[in-house]
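Presented as structure tokens, the chain that follows is alone, the form predicted on its own.
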């Protein structure tokens, strides 16, 4: 949910490296604090639990780890953060297969959940036995549940879509800055969003572009399509999908224009683009608001605003699972349940606007005053709630993430950064996808 992904051959290389690393470290992984995964007692009567995540989940930022440790003095929590999920997930897969080296809790991104359910379910604890499943959206539970009823993950956030924009840059470009007016300009069609981009570029402030990348537009557009890469029977249909075609066309409109900053999402140059205000808009699922605050910094406060996206869409959302390799399964299960409970999801939303997968939290959602101020007092809860209510039901498949990666990080980049034609970009993506699928 919080990262982009790379080409499949890079994933295989990373997996190989991870496998070697697993052997060298004898089943231990290093987290961001330099501690080891599956650490045993610290020598002071405490049990150390490691939580493996990618990107910014908000648990540490919202003070949840500290709160849990205060409630459970015998527990120490360490977060093991990998910035990009294309690095994170191959590493997790390798360690699951090895039966060692996993964190006590592993986050699973929605693009990987089908693969985890279909190929790794025996490597995870069944978390559906002792929880009230009605706490979560039914479709969220279903994504993490095997055909025989084993639930390998508990839902964290979802990714209802909006457009985050720099109203200071819009003003300089002579465009409206009112969020409702802008939402009406591009309502119902990503082509209308691109039309606003064309108008922006006519008087764009020096050194700025309308949008961060064409891949950003693709991910947002595909998130609003009911038909993606697989049908309900598990058949691969990406090359015939009307949803993929519509999202690709939207991305190509951007990629073949001058309105894109041509940045690869979640790379350091993209982060710097936020800091330097080098682009005016970004497709913005709820979880990205925390990312923007972190990367744009103080200079972005009051300059960023939020408007409804052209279409209701979902981009992202994750789960927490407990590997059977954890040496502290009972403690890890208890922590996973607590972190994903409605009360804690409310607190994460309050900190960084990650939208809960627990409907019971919705009536109580209140963004932090700092977040509201940062985004120009936009009605964040209302905008994302309206999107969440009309997101189409989507089918995911086992290779969803690498197929999407091939389209964005191979096909679209060929056009956007290397000047290839859309036909050449599609051909490059097709070759990569066939390689991923072993065709």
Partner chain sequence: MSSSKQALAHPAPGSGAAPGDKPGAARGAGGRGTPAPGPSSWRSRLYRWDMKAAPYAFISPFFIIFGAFGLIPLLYTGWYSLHNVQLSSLDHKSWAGLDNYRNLLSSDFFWNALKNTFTIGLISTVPQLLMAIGIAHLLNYRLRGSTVWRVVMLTPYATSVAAATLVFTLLYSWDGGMVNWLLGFVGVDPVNWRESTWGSQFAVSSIVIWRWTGYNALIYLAAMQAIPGDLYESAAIDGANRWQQFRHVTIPQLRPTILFTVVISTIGATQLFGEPLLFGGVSGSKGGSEHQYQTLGLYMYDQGWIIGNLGKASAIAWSMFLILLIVAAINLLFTRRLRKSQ
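Positions refer to the first chain, counted from 1. Think of the rigid core as the biggest set of C-alphas that the two forms share within 1.5 Å after superposition. Everything numeric here is computed off the predicted structure, so don't read it as measured data.
What comes next is about the form predicted in complex with its partner chain, which does not appear here.
Interface residue among 184, 249, 97, 329 relative to its partner chain in the predicted complex, by the heavy atom within 4.5 Å criterion: 97.
The listed set 303, 344, 141, 120 contains one residue whose heavy atoms approach its partner chain in the predicted complex to within 4.5 Å, identified as 120. The closest heavy atom approach of residue 224 to its partner chain in the predicted complex falls outside 4.5 Å. Looking at residue 264, you'd find a heavy atom of it within 4.5 angstroms of its partner chain in the predicted complex. Contact check for residue 90: a heavy atom falls within 4.5 Å of its partner chain in the predicted complex. In the predicted complex, at least one heavy atom of residue 115 sits within 4.5 Å of its partner chain.
With the partner omitted here, the stretch from 171-179, 78-86, 196-204, 132-140 that lies within 4.5 Å of its partner chain by heavy atoms in the predicted complex is 78-86. Remark: all three candidate residues (402, 405 and 414) come within 4.5 Å of its partner chain in the predicted complex, counting heavy atoms only. The two forms, fitted on the rigid core, differ between the shown form and the other one by less than 2 Å at the CA of residue 308. Relative to the superposed core, residue 95 undergoes a Cα shift of 2 Å or more between the shown form and the other one.
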